[in-house]
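The chain below stands alone and is given in structure tokens; this is the form predicted on its own.
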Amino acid sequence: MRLRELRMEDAPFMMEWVLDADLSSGLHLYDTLKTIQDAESFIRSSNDSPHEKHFAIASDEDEYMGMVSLRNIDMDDGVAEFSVVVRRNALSKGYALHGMTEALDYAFHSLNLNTVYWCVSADNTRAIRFFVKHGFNTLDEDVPVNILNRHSKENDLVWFAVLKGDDYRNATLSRGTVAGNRIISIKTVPTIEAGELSFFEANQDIDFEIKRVYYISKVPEGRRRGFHAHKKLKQLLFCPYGEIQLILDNGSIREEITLNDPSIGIVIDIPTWREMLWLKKDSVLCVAASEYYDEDDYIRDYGEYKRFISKTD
């Protein structure tokens, strides 16, 4: 998945979310979009103003899956407003988060802005839940008056903001754990103009012997795998190539972390339900395991997993 400029052939796909009240609710930045002609006009003028920037979120096959926008860009104050929306068939496949982080990269690194703000209607619980679970905090105050004034006719808004320098790509990394499992830095040796060498050692960097190593590759973008837990097995998971979202649930909390750096690993050494979402085609997930393959160690039903951990607490 990637960002690109809007194209005229994107208009019919845009209308999918425009006409879907559940997806377009509270997206006041796009209130002028009502018909296919509106969408085409929007695309034609999408790059006319220095105060607005719009990107299509495209699949690996270059199909329009959604859109991110920076609006009311103020280069003097270093601020802009942000919005993101995706088609229904792109929900829960990583497109919204990918588009958001790439747009924030553009705002902070290409435009050199300091702060990006956005708001959603308080009754849009789906959007609020999406932002909060990815580490974005709501604001009680500190929204500039001129931005608030632009939304004075809208009631019950929930505000968010990201500042330049914030860890908006992976808030979980800074905590050192994800769902009770350790995040480790895999030792990495850089070589001038010749890449990097990363390595880890059993009973040194990880606290178990390695009896099995396997890797998962050639998975299509947007596909989920996993959906299981282990009773006793310990594992180190890392992504040497690409970008994979790891969703971990220890029965008490469910958290996510994006693996896109070969020097970052997750040590899963407690019974943890896991799911893996491929954010980029052909990403590779590698696993070093403490035991040989044993089907009896797998728990493949979430209800059974919950019952298992309730007995071990």
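Only the largest set of C-alpha atoms that superpose within 1.5 Å between the two forms is called the rigid core. Keep in mind it's a predicted model, so treat the numbers as computed, not measured. Quick note: we count residues from 1 along the sequence shown, nothing fancier.
Absent from the display: the form predicted in complex with ligand T46. The rest refers to it.
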Only one of 77-85, 110-118, 220-228, 123-131 has residues with a heavy atom within 4.5 Å of ligand T46 in the predicted complex, and that stretch is 220-228
Q. Hey, in the predicted complex, is L237 touching ligand T46, heavy atoms inside 4.5 Å?
A. yes
Is there any non-hydrogen atom of I216 lying within 4.5 Å of ligand T46 in the predicted complex? yes
Open item on the list: Using a 4.5 angstroms cut-off on non-hydrogen atoms, would H151 count as touching ligand T46 in the predicted complex?
Closed with: no
> Does Y298 make contact with ligand T46 in the predicted complex, using a 4.5 Å heavy atom cut-off?
Replying inline: yes
Note: exactly one of V267, M276, L33, I264 sits with a heavy atom within 4.5 Å of ligand T46 in the predicted complex, namely M276
Only hit among A58, I247, L285, I43 for heavy atom within 4.5 Å of ligand T46 in the predicted complex is L285
Worksheet item: I299: CA shift of at least 2 Å between the shown form and the other one after core fit?
Response: yes
Would you say L285 moves between the shown form and the other one, meaning its CA shifts by 2 Å or more once the core is fitted?
no
